Structures are given as structure tokens and as C-alpha cells.
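Starting off, we have a lone chain in the form predicted alone, written out as C-alpha cells.
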């Protein structure tokens, strides 16, 4: 008998709840944080104020948020036991794999259900601090102590490089962190909310969220964009290179998005940030490849509505602030800890175990085991 069950692979068009945190306008090209269009507030609003908005619902009284800035600064005092775990990691580990263990190590017994804003501040503050510590040790460099006189983005750059953060690079990184802070019910946020729905702690839920970033289709493509730009090499080669790749049926990284059927607003803002901070030749190459890619894709798939996504100019911006490619996805996680915290708080506020169903399509009941059963 044919099934009447409506199945949505990937949960397309399935609404699993309601949220006041962010709105993703796939048809309109919008990303809205609690009523504020990101195109209007980024760059400009400090990351600390974005954290305040996402966690508390309204903007702070001043920028950057004094409450969040003080809470993040205080949370940078990491327990020695957690530092010991980070220092014991194999320095040959990719930073993303190291970060998975780092987040797990943060679960030092001080996190419990339900999550709180203070727990979230610790997650947000300590993730980049411990990641930077691991990266420096993996390069044979001494770890650096955080600086209380620096904001969140500037302190991250300082702890990675040991150099006084360039204001233009700080502004660019801050814009990136703000734009990537939240994005509706994406894969990592859904994984986090499923975990929180079981009444687990915030750190355990964050580890579940981070696991989704290991795959290249959610957060892992910016480094592949950089590799692609390297392969093209020169703006004059863009059209031929792109046409050959599409003809072979190979992917062009940084184009198309599951949610957006028009321009990704984050890509638009990041393109503007890249114009301010990127090497002019690298930017010229990226723009030439973008033009060639969009033209070729639209000829090949005229009904697909493919546009540049957030990962394309994320790559250019993250290169420009001095991050290595193996830090691109971990830095995505650094940004998203704000949204993860906001969603954890919201999920716990009206919690119900997330337990979807699946349609069974195996053999019908009544099969007989082919050997005698043991007594």
C-alpha cells in the first residue's frame, strides 16, 4: 500500500519551532538580528554589542556593551586544568580537530542545565583564547596572555600573532564575527538545540554544534575558496578556468546557498569589507572569478538562482586579517558561539525534547528467523 507520509529530506520547508533571535529572508536577501538588518549595523556595531543583542534581545546602552565586555574579560581567566588539556594536545592536529577537544575540555563541571548567560560568556570568551593558545604552541611559539585593554576581536588577533592589532584588520575581523554570529536554524544551531532539548549542558551542546562544521557544506568552504583563487592565479584566466571546471561538472566554491534564492546579505557586506582591507590584486582576482562564475553558472543552470554566498568573501577577508586557512572554519565557530548561546537560552526557556519521526520502509513485520532460537 503506498505511503501517505510526506517526507522532506533535509527537513526542507519544515518549521520546527519559533525563534526571536534571527530571521533569514531567503527570498528577500535579508538577515535580521532581533529586528536589526545586519546590512545596517555591520560594520560599525562592535561584536560585544552584537553578543548583547543576541543574548538579551535589545541593544546595549552604549557601544561596545560594557556588560558584555566586562563579562568576556573576566571569563578569560581559564582554570589550569583546562589549560593543561589544551597544552597536552598533539601540535600536529588541525586546529578544527583541536577545537573539538578544547570545547569538550571547557566542560569542567561548572556547566549544568539549564544554560545561563554567564556560562555563555565563558564559552564565547574562552573559545578564541584557547584556540589561539593551541595554534601558537603548534607553531613552536610561547602562548600569550590575553590583554584586558583589547576588545574581543583585537584580543583574538593579539593572542594569535603577538603583534599590536592593526585597527583596519580588527575592524574587518569584527565585521566578520558580527555577520557570522547567528543565522537562524542552520545545521550547527539545530544540532545544538537538539542537544539542549535533552537537558544536556551548554558545552556538550556546543561540541555537538561544532561537529557539524567539520563537513565542508556548513562552514568549511572558505579555505576551499582560497584554494580556488590560487588555482585561477590571474584575473585574465578566470573565464577560461571557470568554464573548464563547470564543463567537467566540478564545484565552484562560494556560490549557491540552501536558504538564499537571491544575494546573501553577508556576502554583500563582506565584499565591502574586503574592499577596505584586502590586497588590491587579490581583490581584483576574486572579483574577476566571481563575475565569471556567476555568468557561467547562470548559462549552465538558468533556473537555479545561484548567487555568491557568505563563504566567498569570507575567504578574502580572513586572508586579509592574517589568518591561515586552517583557522577559517574554527574562526567561524568563534563567531557562532554567540548565536549558539542565544539559541541554547531560548531552547531551554520553553524546552521540549526534539524527537522527529522517520518513515520505516523496510520489510513488513512477520519475518521468521532462519535458525532455531536459543532456549
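Just so we're clear, the structure is a prediction, and the values are computed from it rather than from any experiment. Numbering follows the first chain given and starts at 1. In this text, the rigid core denotes the largest set of C-alpha atoms whose superposition between the two forms falls within 1.5 Å.
One more form of this protein, predicted in complex with a further copy of the same chain, exists but is not displayed; see below.
In terms of contact with a further copy of the same chain in the predicted bound form, the residue from 263, 227, 287, 97 that brings a heavy atom within 4.5 Å is 97. Proximity to a further copy of the same chain in the predicted bound form, taken as a non-hydrogen atom within 4.5 angstroms, holds for one residue of 155, 223, 204, 119, which is 204.
You can rule out all but one of 320-328, 306-314, 66-74, 26-34: in the predicted bound form, only 26-34 has residues with a heavy atom within 4.5 Å of a further copy of the same chain.
A residue is said to contact a partner when one of its heavy atoms sits within 4.5 Å of a partner heavy atom; residue 104 meets this definition for a further copy of the same chain in the predicted bound form. Although the partner is absent here, residue 280 is not a contact residue: none of its heavy atoms lies within 4.5 angstroms of a further copy of the same chain in the predicted bound form. The shortest heavy atom separation between residue 296 and a further copy of the same chain in the predicted bound form exceeds 4.5 Å.
Within 4.5 Å of some heavy atom of a further copy of the same chain in the predicted bound form lies at least one heavy atom of residue 200. Relative to a further copy of the same chain in the predicted bound form, residues 247, 254 and 269 are all farther than 4.5 Å at every heavy atom. Residues are counted as partner-facing when one of their heavy atoms sits within 4.5 Å of a further copy of the same chain in the predicted bound form; in 44-61 these are 44, 45, 46, 49, 53, 57, 58, 59, 60, 61, in sequence order. After superposition on the rigid core, the Cα atom of residue 367 is displaced by 2 Å or more between the shown form and the other one. Once you line up the core between the shown form and the other one, the Cα of residue 358 ends up 2 Å or more from where it was.
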